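Both blocks below hold the same protein chain, though in two forms, and each is given as structure tokens: structure 1 and structure 2.
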Structure 1
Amino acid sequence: MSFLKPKTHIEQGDIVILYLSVNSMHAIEAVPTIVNKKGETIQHVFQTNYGSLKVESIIGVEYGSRVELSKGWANVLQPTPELWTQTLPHRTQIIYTPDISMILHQLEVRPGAVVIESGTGSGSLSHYILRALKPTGHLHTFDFHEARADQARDEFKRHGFATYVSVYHRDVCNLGFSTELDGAADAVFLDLPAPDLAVPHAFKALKLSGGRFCSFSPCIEQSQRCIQELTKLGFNEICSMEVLQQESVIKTRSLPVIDLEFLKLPKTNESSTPNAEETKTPKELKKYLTSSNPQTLPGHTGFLTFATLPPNIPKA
């Protein structure tokens, strides 16, 4: 249950992030034995680029500690949604932190909120939503693929989120979110090939007091069709954006200091000019900390379409 709250020590059954480097992290389950493909119970040994780890040895170890591998060492970290996004098993293409941070902000996800999500996919966004809405909120997440829905349900249970999430196997574009959720949601998020087909169902699911809507689409045509449906149903504050993460390049630059004192000297006549001794550039250099844009820009991720449903819109 290592996702639920901060912990000091690793307990048996915890999900632990084995941190080797920024680009090399692994999520492992802290159990002493596992069952192999032949159905045999064997010792749990995890292999890395720096050698093997006997997983039993990390049980009881303090989170953040350095642990020895057969050819090096690693750190054991408590999982967060950010770390889980970088290590989770991919069942589908996932949404990453830059887009997720904007989605949570725009949907106003907070403790006590009721959020509907479709589709669940690999559960990357779901973990962020669950962290934001617990302990009194609830996530209803839908996926049309039965195996993915079952895998996500099992994953949430193992991570300790079962109380805060309900997972459904359902085609929401054709069947909606079910009548039980009509007027129940504070926010609706869609990650679907044809989000415009699910917009009327999202309209029904949002509370009579209003709510927020978001759709993630890789193509602008999907976003355009979604916006048309949102406009027909009375949504306002509609906008579409693309979030691109860009790091500034920080460098120390040395620049020469030019002595301009000669400009203060009175001129004897109109044609007088400073001599070479007065205008020469001194060898003194001054260091400045500068910031510039990287030479390569990040690639396209997807378009986020946001909208607000005003209160008391008739839904008949």
Structure 2
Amino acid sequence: MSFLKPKTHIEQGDIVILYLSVNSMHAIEAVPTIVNKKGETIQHVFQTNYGSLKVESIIGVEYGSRVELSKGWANVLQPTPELWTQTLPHRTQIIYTPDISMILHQLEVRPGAVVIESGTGSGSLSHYILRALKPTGHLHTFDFHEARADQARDEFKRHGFATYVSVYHRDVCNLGFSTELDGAADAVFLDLPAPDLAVPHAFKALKLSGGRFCSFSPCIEQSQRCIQELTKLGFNEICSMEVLQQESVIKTRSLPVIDLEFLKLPKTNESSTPNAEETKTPKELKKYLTSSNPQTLPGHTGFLTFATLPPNIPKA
């Protein structure tokens, strides 16, 4: 239940982020025992690169504390959608914070919003949408893969979101979002291989007072077909973009500075001049606080296509 609102101490059943380093963190469930493969109930011990953690020991601890591991230490953090996205079990390719932030902004998701999402996938985006629309809005999320829909439903419940979300197993391209949702949504988000097939359903599901639409596609052809369909149905403000986040690597570098002036002095003078010491070490190191890009950057995540359904477009 540690996703619903800010809290100070770890309670039993919380998802907790065990933070070891920028590149190493884990989402663990704060329960004292687990059931192993043989069906036996055993003590919950979590293994990390810095040794093991008896999970029972962190229950009751204040979030943000340092906890000891058998060969080091870690910090326990309350999960946020950002941390969850970096630690969640991948059931599909997921969308990350920079794209998600733009999606929420463009879809104008805020408390009270009714949002439709398809597909649910690993629930990375769903967690952000739920944070943004709770406690007065509702998320309707669809996946065509039954196991994934079930897993997501279970996860949302354990994370404290049960009342704010409905999870559907449904092929929305062929079947739409169900007639109950006609004219119900403020925003529709699609992450589908053929988004154009679901655009007419999105059109139906949006409120008569209008709403916002987004499709996320890895390939440009998907965006092209999606936009054709959007245009046909009277959507406007159609806009496609890419967002790429660049991380800066900050470090203090010692860089060599060489002296070449001494070469202008005749060599024979070298040992007799007062500068002799200096001429023997013409290379010194100077410290710089530097910023650089990592060797590899994300070059592409997907194309985001946004559109507005204007108010009072007849849907018959």
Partner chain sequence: MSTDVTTPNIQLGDYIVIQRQKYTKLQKFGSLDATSTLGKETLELKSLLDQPYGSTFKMCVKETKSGKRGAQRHHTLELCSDTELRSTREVLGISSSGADNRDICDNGEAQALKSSDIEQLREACNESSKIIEKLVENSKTFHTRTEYSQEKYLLKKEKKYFEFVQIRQPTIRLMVDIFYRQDAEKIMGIRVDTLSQIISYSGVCGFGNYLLYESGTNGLLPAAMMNSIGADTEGTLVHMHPGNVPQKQALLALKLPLEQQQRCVSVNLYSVLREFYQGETTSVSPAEPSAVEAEETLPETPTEEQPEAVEPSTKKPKLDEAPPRGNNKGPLRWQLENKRATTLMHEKFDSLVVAAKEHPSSILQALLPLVRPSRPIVVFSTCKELLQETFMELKTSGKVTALHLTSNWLRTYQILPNRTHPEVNMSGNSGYLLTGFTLK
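The term rigid core refers to the maximal set of C-alpha atoms that superpose within 1.5 Å between the two forms. Quick note, the numbers are simply positions in structure 1, starting from 1. Every value quoted in this text rests on a predicted model; they were computed, and no experiment measured them.
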Pick out the form predicted together with the partner chain: structure 1 or structure 2.
2
2 Å or more on the CA of residue 35 between the two structures, with the rigid core superposed, yes or no?
no
Can we say the CA of residue 26 moves by at least 2 Å between the two structures when the core is superposed?
no
Expressed in angstrom, the C-alpha movement of residue 253 between the two structures on a rigid core superposition is 11.2
